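Take a look at this one chain, the form predicted alone, written out in structure tokens.
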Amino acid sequence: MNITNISEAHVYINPEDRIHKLKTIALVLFVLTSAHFVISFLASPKHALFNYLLSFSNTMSLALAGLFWTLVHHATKAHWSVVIRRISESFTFVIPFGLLLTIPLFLGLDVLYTWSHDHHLQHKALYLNDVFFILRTIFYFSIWLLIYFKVVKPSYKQDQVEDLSITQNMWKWSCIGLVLFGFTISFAAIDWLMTLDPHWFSTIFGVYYFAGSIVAGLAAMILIISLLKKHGYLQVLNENHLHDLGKLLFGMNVFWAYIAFSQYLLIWYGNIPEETIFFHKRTVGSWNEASLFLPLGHFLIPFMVLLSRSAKRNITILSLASIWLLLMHYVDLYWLIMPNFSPEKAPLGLLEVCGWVWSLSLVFIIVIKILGKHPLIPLKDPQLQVSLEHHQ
């Protein structure tokens, strides 16, 4: 397809389209689940706060994955992904809202984190204290917002001004941004999740959270693409674009499994009590079933489903695999977080389900809102024509 043949129907979402009705449904779900969070907090503050942390971690993983894939696109000067870049960019708009979502965490530090009130951890107090935790979190968001303003915002500006220097600047900041992103997401994962058990540590934990996040973010992007194509948009995407998305989803999920197994293997053969306590907690009671299910659900099933070439080129199979991986990512975060709340038994009730719905509905509302305000395709990107003609 030639750029001149792209009509407004390909580029802009119709305000009367059913997609906006889905956004309204998502808004209703978000309000209902938010109300349930509030009611649950009044009944059981600790349970509600741990589930809020779970939902927050899931929300931020999708937002940060959008930022990561945008940076990778520019840093590698990829051509094939120009037509889908707006999808990853739209996820980054969740980041400013994420900063607001940290407020309940700051207010509940003494409930979530034992280091906030444990006098036996004085030797770690220089790093693990309330003020420094809050400052570090604000610093992480400052870096992410800096990258957002240097890489994402200029992309939309380029739709109005045909300026090649914008592309060059986005490439430069993406290269810098990937380094900053790697450090900040790792330390954010350590602060938000690993310090829930301040006596345990893993040097690979930040990479583990990163790996799960980029898989879930890519799965969410594929679902948005599938939804848009179903409603007549992004018809410029061909099977080759889908194949590349499928290969990325397959490969990154294998990467997640590699990191997960590496962490387990290092702790297993090291056999140090301070490290093995992490897995011991997760082999007690019903947590054992969750530990056994995770490698099956997050790795083996998607591996078998996405292994063939035809599956990667089939948008229905890709969509089903993406829904499954989004669920497995939430289960993974649940497995990381909730044993610190309930070591004896894996809690599974309405609040846990509502947390997942709350997170996905919030992200969906923001993403669709942004996609509805801007062109779905970066119209003046110098490599757009190459992307439209993508083949393998």
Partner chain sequence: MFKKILSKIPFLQKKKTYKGLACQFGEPTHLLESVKDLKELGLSNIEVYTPYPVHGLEKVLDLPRSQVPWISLIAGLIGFVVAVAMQWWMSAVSYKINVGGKPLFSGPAFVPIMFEVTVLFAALATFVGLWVFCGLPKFASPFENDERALRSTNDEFTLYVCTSDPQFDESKIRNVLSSKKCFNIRYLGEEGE
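Numbering follows the first chain given and starts at 1. Just so we're clear, the structure is a prediction, and the values are computed from it rather than from any experiment.
Although not depicted, the form predicted in complex with its partner chain is the subject of the following passage.
Heavy atoms within 4.5 Å of its partner chain in the model of the complex: does Thr316 have any?
No, Thr316 stays farther than 4.5 Å from its partner chain in the model of the complex.
4.5 Å heavy atom contact, Gln160 and its partner chain in the model of the complex
Judged by the heavy-atom cut-off of 4.5 Å, Gln160 is well away from its partner chain in the model of the complex.
Does His199 reach its partner chain in the model of the complex if we count a contact as any heavy atom within 4.5 Å?
Close contact is absent here: in the model of the complex, His199 is far from its partner chain, nothing within 4.5 Å, heavy atoms only.
Closest heavy atom of Leu307 to its partner chain in the model of the complex, within 4.5 Å or not?
Output for Leu307 is yes: heavy atoms within 4.5 Å of its partner chain.
Taking the partner as it appears in the model of the complex, which of 115-123, 229-237, 263-271, 86-94 has residues with heavy atoms within 4.5 Å of its partner chain?
Checking each option against the 4.5 Å cut-off leaves 263-271.
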